[in-house]
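Next up is one chain by itself, shown in structure tokens, the form predicted on its own.
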């Protein structure tokens, strides 16, 4: 959850990383930028999380800090993290992909944004 849709997407990314490894053990040594587009915010969330999963797999990195900028249903995100260090990171599982199961992006009456979906591991 977050006070903005951007913050909710960033928190969803932190939750994704927390499934894989201890977020607090990840140092922000390197930043990369990703871009995503989708027809709506819900599918943009899936695209965003899948972009992170892709970068984790291809670069053999873990990311602990996320910042995004939204422009409609386009997203530019910055992922900060480091190469996996088996001694420190103790990777529990490998995330395979974000799905549309339980997919929801919404704002409640208090102005808090929720961004959620199921991630296959």
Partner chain sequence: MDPQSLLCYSDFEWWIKPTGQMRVPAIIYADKQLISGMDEKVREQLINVATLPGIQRAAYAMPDAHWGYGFPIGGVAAFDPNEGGVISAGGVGFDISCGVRALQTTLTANDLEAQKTDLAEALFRGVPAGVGSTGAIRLSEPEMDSMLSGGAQWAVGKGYGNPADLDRTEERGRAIGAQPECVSREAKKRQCEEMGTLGSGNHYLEVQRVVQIFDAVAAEAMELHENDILVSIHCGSRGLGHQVGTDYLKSMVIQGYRPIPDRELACAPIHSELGQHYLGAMRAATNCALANRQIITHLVRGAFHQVLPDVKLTLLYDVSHNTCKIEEHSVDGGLRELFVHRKGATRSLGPGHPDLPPPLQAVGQPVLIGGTMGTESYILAGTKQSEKLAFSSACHGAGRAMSRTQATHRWQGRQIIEELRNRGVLIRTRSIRGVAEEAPGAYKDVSAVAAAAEQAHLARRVARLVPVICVKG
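Positions refer to the first chain, counted from 1. Keep in mind the model is a prediction, meaning the values are calculated, not measured.
Just so you know, the form predicted in complex with its partner chain exists too; it's not on screen, but the next bit is about it.
- Within 4.5 Å of its partner chain in the predicted complex, a heavy atom is found for all three of 40, 50 and 93.
- Taking the partner from elsewhere, residue 120 is found to have a heavy atom lying within 4.5 Å of its partner chain in the predicted complex.
- Heavy atoms of residue 58 reach within 4.5 Å of its partner chain in the predicted complex, making it an interface residue.
- In the predicted complex, at least one heavy atom of residue 19 sits within 4.5 Å of a heavy atom of its partner chain.
- The closest non-hydrogen atom of residue 68 lies beyond 4.5 Å of its partner chain in the predicted complex.
- In the predicted complex, the residues of 94-112 lying within 4.5 Å of its partner chain by at least one heavy atom are, in order, 94, 95, 96, 97, 98, 99, 100, 101, 102, 103.
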